[in-house]
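Have a look below at one chain only, the form predicted on its own, in structure tokens format.
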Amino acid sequence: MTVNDKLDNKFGGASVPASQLDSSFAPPVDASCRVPLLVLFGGAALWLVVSSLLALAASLTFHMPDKFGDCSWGTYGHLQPAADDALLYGFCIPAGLGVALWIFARLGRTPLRGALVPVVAAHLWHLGVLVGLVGIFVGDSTGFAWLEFPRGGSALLFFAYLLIGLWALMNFSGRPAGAMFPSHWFLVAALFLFPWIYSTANILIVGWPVRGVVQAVIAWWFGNNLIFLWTSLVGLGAAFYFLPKFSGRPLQTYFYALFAFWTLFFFGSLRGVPSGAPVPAWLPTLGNLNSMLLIVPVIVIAIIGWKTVVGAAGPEGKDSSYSMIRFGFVAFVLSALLQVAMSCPQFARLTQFTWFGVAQTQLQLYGFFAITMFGAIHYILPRAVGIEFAFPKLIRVQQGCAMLGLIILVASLAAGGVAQGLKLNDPNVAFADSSKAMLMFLRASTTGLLLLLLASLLFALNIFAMIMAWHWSLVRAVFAAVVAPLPKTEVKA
């Protein structure tokens, strides 16, 4: 038994003897999740590559504005929303749902029942993403950030999510009586959060739109709850499961995690309206206050991670999954601190209407969530499928490209946003000059996007190679069963 297999007996920080856990039930639990995970993670890998390509093309429009000038779908207004939605809806949400399904099955010690339903739902989800992206390119976008998909795509996403979420909750309800772990709190809350905010936003903005500035308030509220709160709940739920597993010690501590969960959910959900928005003053003030109070759960979460990881033996050798999840955990703390900084009025006056907010969003979505999911998927998939990755050495290359590309992207956009904000606030500087000041930083960010594209391609290569290997093993098994000789039977006279 490897060190990782031994550490697999620690469930999200629960101090439970190894003899009572994984050794007897892990194989059937993993096998029950195999096909749903292959569909969810395979589609997520494909959409991640699509998102990286679109983001790179959108960035190139600043360097070669005439390159796509002859086609309307090649403008920044089409490419960037499509890239953002492909990353969020195409990769982040299905990857998070797949990880949640597996964690619920593992923590509940119960195989996934009726796996056909989440498989069908996963295909519906990917179809909804395709319909939504096509809608953006043909001009059928709603025009609201992170909610651009037309009604047809949104309906497919909502129905598919309900099916996957219900099946995840079925596994949650089948856990042993009283077995409740910190990962459960975060993941269950996320499962309920998405259908609430997604249906509310679609009803009040797209289906039967309300009038006036209320539309903008709802859109800001939805974007914050989806981009920050949902990804934080799922990403931290996964991190609180895997960090104790890799470090070899229980989560430090149970009550800190409970306090962090409630404060993060409360303060994180009541924010989103930016400073200076043309709305009643109490709305941005309430949002800024809750953003500042986010410092409380962020400090507690940082303490939990520090006490759990620092000084622990960890897995033998250099484990890429452990490195990615630790990197993602640090990225979450930095992303939340940037949120707190952007809520300060003096700093908000400097960074609003600049690229600084884009840098914070990319740090949250890619630096924290995507890289955490990379680590989780690299750990989960070989155990669920029973096949090692075809190119294990490329995982290290992917890890380096993702981390380096993310650092270059976020650092260049953040620094450029500050420089742009200083010029925008200087009455002696023309607006065109403030825009030109970003060109150098945008060129650097394009380099970061190139590295992220390479990381996405390497990730997809390993995922698709595993899917093909699994299909080939099925073909070989069927062929062996067909050509096997029939058993001889004795005929009595």
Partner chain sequence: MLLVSWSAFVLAPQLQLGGAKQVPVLNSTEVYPHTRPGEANQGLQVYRANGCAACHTEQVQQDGVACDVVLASAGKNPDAVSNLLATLTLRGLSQEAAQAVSDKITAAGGKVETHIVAVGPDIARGWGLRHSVAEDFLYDNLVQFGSLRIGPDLAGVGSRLPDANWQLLHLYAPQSVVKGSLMPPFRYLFTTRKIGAAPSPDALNLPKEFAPADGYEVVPKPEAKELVAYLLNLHADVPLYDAPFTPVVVAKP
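Numbering follows the first chain given and starts at 1. None of these values were measured; they are calculated from a predicted model.
We do not show the form predicted in complex with its partner chain, though everything after this point is about it.
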Among the candidates Gly276, Gly114, Gly386, Pro345, the residue which, in the model of the complex, approaches its partner chain to within 4.5 Å (heavy atoms): Gly276
Which of Phe159, Phe391, Trp282, Tyr254 has a heavy atom within 4.5 Å of its partner chain in the model of the complex? Trp282
Is Thr446 a contact residue for its partner chain in the model of the complex, using a 4.5 Å heavy atom cut-off? no
Does its partner chain get within 4.5 angstroms of any non-hydrogen atom of Pro27 in the model of the complex? no
Check whether Leu270 has any heavy atom within 4.5 Å of a heavy atom of its partner chain in the model of the complex, and answer yes or no. yes
Should Trp221 be classed as touching its partner chain in the model of the complex when contacts are defined as heavy atoms within 4.5 Å? yes
Quick check: do Ser72, Thr200 and Leu286 each get a heavy atom within 4.5 Å of its partner chain in the model of the complex? yes
Only one of these stretches, 430-438, 463-471, 447-455, 34-42, has heavy atoms within 4.5 Å of its partner chain in the model of the complex; which one is it? 430-438
Just to make sure I understand: among 204-237, which residues lie within 4.5 Å of its partner chain in the model of the complex, judging by heavy atoms? Leu204, Val210, Arg211, Gly212, Val213, Val214, Gln215, Ala216, Val217, Ile218, Trp220, Trp221, Asn225
